[in-house]
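Shown here is one chain on its own, the form predicted on its own, set out as structure tokens.
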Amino acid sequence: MLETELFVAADRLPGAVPAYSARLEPAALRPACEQARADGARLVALWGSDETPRGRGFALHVALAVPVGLVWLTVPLPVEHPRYPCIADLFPSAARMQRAAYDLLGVHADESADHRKWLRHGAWPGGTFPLRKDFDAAKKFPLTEDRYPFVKVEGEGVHEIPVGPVHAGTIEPGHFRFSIVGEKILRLEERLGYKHKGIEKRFESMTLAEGARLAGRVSGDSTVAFAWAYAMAVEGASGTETPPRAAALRGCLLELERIANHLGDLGYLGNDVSLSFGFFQFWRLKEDLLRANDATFGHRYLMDLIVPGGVARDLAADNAARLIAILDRIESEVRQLRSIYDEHAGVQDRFMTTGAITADLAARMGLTGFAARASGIRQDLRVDHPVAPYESMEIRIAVQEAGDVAARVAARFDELFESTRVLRRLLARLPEGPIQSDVALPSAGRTGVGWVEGWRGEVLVALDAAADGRIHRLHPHDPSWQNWPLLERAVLGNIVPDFPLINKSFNLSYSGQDL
């Protein structure tokens, strides 16, 4: 039973995720979102779809996290002038999602305060919408001039610093426009979208089996999270049960991915405060783990291991024992390194009070993942809505209160140790049995949802199946959508040299939200 009367008509979606679907007319969307917001709901994702082949025009989709799970709202829109009420004032992270939905599909948010293009960048002309079914994906367009209207900050002594989109290192492209006085940051405005790869369009030409490989490549550092969410969506749409051994192995893979990313970022954070010792030590440990992944599962970054129906590779008992031994050694060394970070006066001077996000701001703007937990927000899908194998793991949520770089570093340490504990428990008691189930082809129009607590935050995959085992529409959603706007707020009042440190403390994905 959903807690708000606005959703009493919602249907329970099949699958492991506690998810519900409901259809609303455009006029009912805003009252529903107002009620949901008042009840503490969070926006998980907003996207659009072209339903004209089914004779239904277009549709807007909104996924909300509510106390009982996930609510997937579908709002039908007409073919001519598809419009819907803006909800960005209720859920601030919706602003960029609404802009992206227009750039890709041409569905318009009425009364939005920001109608600037988000993804188009001159790569395709205005009035052309790549996610419409009649769009020719092979067609090429001449690159047009792109003059993006950044917000200007004026006043005595105010200067602008443009950074990117091409950076000096190997990171992905993104533009950051700083307005400063001296070294103090008055405003930061981001512009992303330079990594747009047409992934959502590519899904529409694929079978469900083919889509599994692409899902694992939406964001390379979250391959396990996206592959699992995709598999959950397909399994829900097809009515497939995952074998217990496969579910346990999925949990192992996700926690290994979490540990690897925290190890790497803890090294980078040391490097950003001139503690190169920390950088080399953490990256040595990350390399040890990646080699163990390769030896145990056949891939350093664990790609293509989670498939609809289960997992593609089993784990022998002797390999499990060796992996536990490696994790024991890594944990022991990380505990020593944590004491060095905690007791190093120069490190703590740079970490503490830098890039702080209050719990109130985090809640209002929809911060998610470990960054939210570092600001005192107790939310983790492994605890709030656990699926196998997490329902018996008793996950300890790593919560900090200060919301600054130091808190985000502490949260990473705590999560790394918790993931190690969970892995030991999973590896020591892997269930016997098969690692895959047969996956039936869902009928056209069947939907499924995957919702996974990845290392960065909650990953969503929403699937709408077509006939003959093909994909009508698939939306993969990275938590960076929610968290990028908070980075703009975290740097305010800080100095420009602290931006790389604050940025790395979040380590958000460029490609994961540029689909």
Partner chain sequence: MYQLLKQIAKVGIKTEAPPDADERLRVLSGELDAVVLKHFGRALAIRHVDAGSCNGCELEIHATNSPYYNLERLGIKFVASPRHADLLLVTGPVSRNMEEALRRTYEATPDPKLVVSIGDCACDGGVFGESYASCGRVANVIPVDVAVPGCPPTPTAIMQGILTAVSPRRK
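Computed from a predicted structure; not experimentally measured. Positions refer to the first chain, counted from 1.
Below, we refer to the form predicted together with the partner chain, which is not included among the displayed structures.
Chemist: Is Glu111 part of the interface with the partner chain in the predicted bound form - any heavy atom within 4.5 Å?
Modeler: So Glu111 does not count as contacting the partner chain.
Chemist: Within 4.5 Å, heavy atoms only: does Asp221 come near the partner chain in the predicted bound form?
Modeler: Contact check for Asp221: yes, within 4.5 Å of the partner chain in the predicted bound form.
Chemist: Should Gln281 be classed as touching the partner chain in the predicted bound form when contacts are defined as heavy atoms within 4.5 Å?
Modeler: Output for Gln281 is yes: heavy atoms within 4.5 Å of the partner chain.
Chemist: How about Leu104 - does it come within 4.5 Å of the partner chain in the predicted bound form, if we only consider non-hydrogen atoms?
Modeler: Although the partner chain is absent here, Leu104 would touch it in the predicted bound form, with heavy atoms inside 4.5 Å.
Chemist: Quick one: of Arg187, Lys195, Arg99, Arg382, which gets a non-hydrogen atom within 4.5 angstroms of the partner chain in the predicted bound form?
Modeler: Exactly one listed residue reaches within 4.5 Å, namely Lys195.
Chemist: From the list Arg245, His121, Arg177, Arg350, which entry has a heavy atom within 4.5 Å of the partner chain in the predicted bound form?
Modeler: Checking each option against the partner chain in the predicted bound form, the one that comes within 4.5 Å is His121.
Chemist: Want to guess which of 352-360, 373-381, 208-216, 237-245 is within 4.5 Å of the partner chain in the predicted bound form, heavy atoms only?
Modeler: Among the candidates, contact is made by 208-216.
Chemist: If we check the partner chain in the predicted bound form, which of the residues in 27-55 reach within 4.5 angstroms of it by a non-hydrogen atom?
Modeler: Residues within 4.5 Å: none.
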